[in-house]
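Let's start with one chain on its own, the form predicted alone, as structure tokens.
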Amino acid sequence: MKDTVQIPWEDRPTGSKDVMWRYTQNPIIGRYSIPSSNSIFNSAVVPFGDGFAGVFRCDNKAVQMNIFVGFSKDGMKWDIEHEPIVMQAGNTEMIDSDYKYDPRVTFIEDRYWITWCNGYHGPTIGIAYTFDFKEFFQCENAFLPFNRNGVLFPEKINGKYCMLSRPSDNGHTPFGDIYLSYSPDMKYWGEHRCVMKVSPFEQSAWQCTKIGAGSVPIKTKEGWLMFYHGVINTCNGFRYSMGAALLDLEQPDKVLFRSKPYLLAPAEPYELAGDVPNVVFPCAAVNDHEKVTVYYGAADTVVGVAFGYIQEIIDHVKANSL
């Protein structure tokens, strides 16, 4: 049974009219929070027990990319294990991995599923499950290389598992649209559908180069609320910002509304400066059906948190849709 806890929260600053606002004590996780780390960012959080569990991207001081488990009572102060997750064989004996990064986590039916960008002759989507965040079972990769930003829906849709992803290339991909795929068994994937493409530069430039699914979609009465990142290629390189979209509940490849203005963009020092400057990259969102707390990677270096009211975000997206 999925656990229910009080989500981390800080009220909107006095006088602010922002739809989403940052935690005043950001970043919540620094780059050196475990002894081996060069940076900790782009990480996934879910309610677990009487607190929270997380799967964190930690690049070490050799800049090897891997995922680590962590636990927290309040969702803000984290105890991250010092060694990376060790996988056991799940629905396959083939659990090769040259690297692991940018995880997402969601609870479906009886277990927690983790997806990440898995190194297998290039980036693809790795899948694993756990019941207790102690033992982890790796499954078949979902797709051929090259792919990133694999994000599962938190329940089956029309009797099938459903995953968002962004086909890519082997490098710093200068393109990217969001696609959707189905699986009957979390092993074989098909029925691929295009969900969202980049926007025309003239209409919404912050998302004109590439887009990718961010946190696990949130089910609302008006549709699946999906936070996503959008990228513009500026004269100073890529700039990553966050928007939101509403997808149809029964046909999630159908976009009902989509952000024209971003919800959050690099502005604070920890978002502007780091290993990769100018990045706000959402990877997780916890909610209590009224409020939502979004965890995001900042400048590919640290973890930040932002807050908002779900209905306000939906109303804003509908009123300012691309």
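Given the structure is predicted, the values throughout are model-derived calculations rather than measurements. One-based numbering along the sequence shown.
What comes next is about the form predicted in complex with beta-D-mannopyranose (BMA), which is not displayed.
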Checklist outcome for this item: in the predicted bound form, the residue from Y101, F146, F137, W224 with a non-hydrogen atom within 4.5 Å of beta-D-mannopyranose (BMA) is Y101
Checklist entry - Which one of these stretches, 37 to 45, 256 to 264, 24 to 32, 66 to 74, sits within 4.5 Å of beta-D-mannopyranose (BMA) in the predicted bound form when only heavy atoms are counted? => result 37 to 45
Next on the checklist: Since only the chain is shown here, I'm wondering whether A285 would be in contact with beta-D-mannopyranose (BMA) in the predicted bound form (any heavy atom pair within 4.5 Å).
Outcome noted: no
Checklist entry - in the predicted bound form, does F52 have a heavy atom within 4.5 Å of beta-D-mannopyranose (BMA)? => result no
Checklist entry - Looking at the partner-bound form in the predicted bound form, is F281 within 4.5 Å of beta-D-mannopyranose (BMA) by any heavy atom? => result yes
Checklist entry - Within a 4.5 Å heavy atom cut-off, is W116 in contact with beta-D-mannopyranose (BMA) in the predicted bound form? => result no
Next on the checklist: Under the 4.5 Å heavy atom criterion, name the residues of 293 to 322 that approach beta-D-mannopyranose (BMA) in the predicted bound form, in sequence order.
Outcome noted: D300
